[in-house]
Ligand SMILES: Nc1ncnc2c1ncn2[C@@H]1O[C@H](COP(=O)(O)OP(=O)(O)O)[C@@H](O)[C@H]1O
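Before any questions on binding or motion, here is one chain by itself as structure tokens, the form predicted on its own.
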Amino acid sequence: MGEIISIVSQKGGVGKTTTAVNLCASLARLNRKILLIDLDPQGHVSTSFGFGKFDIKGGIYDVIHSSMNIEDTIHSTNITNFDLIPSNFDNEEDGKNYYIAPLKELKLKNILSSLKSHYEFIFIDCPPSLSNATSNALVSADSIIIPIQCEYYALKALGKLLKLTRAIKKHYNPELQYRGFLLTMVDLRNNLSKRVMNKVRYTLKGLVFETMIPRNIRLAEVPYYGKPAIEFDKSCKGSTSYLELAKEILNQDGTTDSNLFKNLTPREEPVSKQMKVIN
């Protein structure tokens, strides 16, 4: 069975979609079968693969609100082992007003369960908010990745998200785990980046990925080329960093003192117990 991983941040501009696109591409390059679902009404995942409005035959909201068969919304990318289900709004404002199914219905969770046997990893790119859509993604997930931009406001925004994950774990999804916190847009020449990095690692201990994602212009050029960075410049720092992150995820192991994090995070089991699909 595959693992569903939601990539979550209530703050925009922290590298959430960049992480979704480039991490998935790196895992596909490592011969893992990947599905990426765009739950963000901005629809930037589709842009990252060169899909225009008229290239999309259906999206995740069609499945939730119009009972479209989810298999009919899966789009192949130009990368072997990598499929996506796009967001499909005419504009972002429509998306903001078009809410996903009420949480109590668990509709997204039930829909995605039918796909877990077809993919090794199913990633969900969430909206930059603590909306009902984000809550549904957390209920549906086996684990989550939280990108943290190396700036003060991004760090400050963590509190509400951690509170939401604890509530989701308690009431809806007791098996929810953290894959890890990911430091993004890191510039080690910048003293602020260093301070934020050190504070995050001190506060979250072993929950922070060893791999950090640097500021890299190639990552910003993904929508221009219509493909992940590894597909047009595999040697750039952004590409090599996401490939290292993919390898780190595939090799995650170890144990964690649950008491250290029980008031901070939803993870209460050793890391080794969350690695259900990695061989």
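Quick caveat: nothing in here was measured; it's all calculated off a predicted structure. From 1 onward, residues are counted along the sequence shown.
Note that the form predicted together with the ligand isn't included here; everything after this is about it.
- Site annotation in the predicted complex: the residue of Leu219, Ile249, Ala28, Ile64 reaching within 4.5 Å of the ligand with a heavy atom is Leu219.
- Interface residue remark: Arg215 is counted as part of the site for the ligand in the predicted complex, having a heavy atom within 4.5 Å.
- Proximity of Leu23 to the ligand in the predicted complex: non-hydrogen atoms within 4.5 Å are absent; the residue sits far from the partner.
- Proximity of Cys150 to the ligand in the predicted complex falls outside the 4.5 Å heavy atom cutoff.
- Residue contact check for Met185: one or more of its heavy atoms lie within 4.5 Å of the ligand in the predicted complex.
- Annotated contact segment (heavy atom within 4.5 Å of the ligand in the predicted complex): 206-214, selected among 29-37, 50-58, 64-72, 206-214.
- Residues Lys11, Gly12, Gly13, Val14, Gly15, Lys16, Thr17, Thr18 are the ones in 1-34 with at least one heavy atom within 4.5 Å of the ligand in the predicted complex, listed in sequence order.
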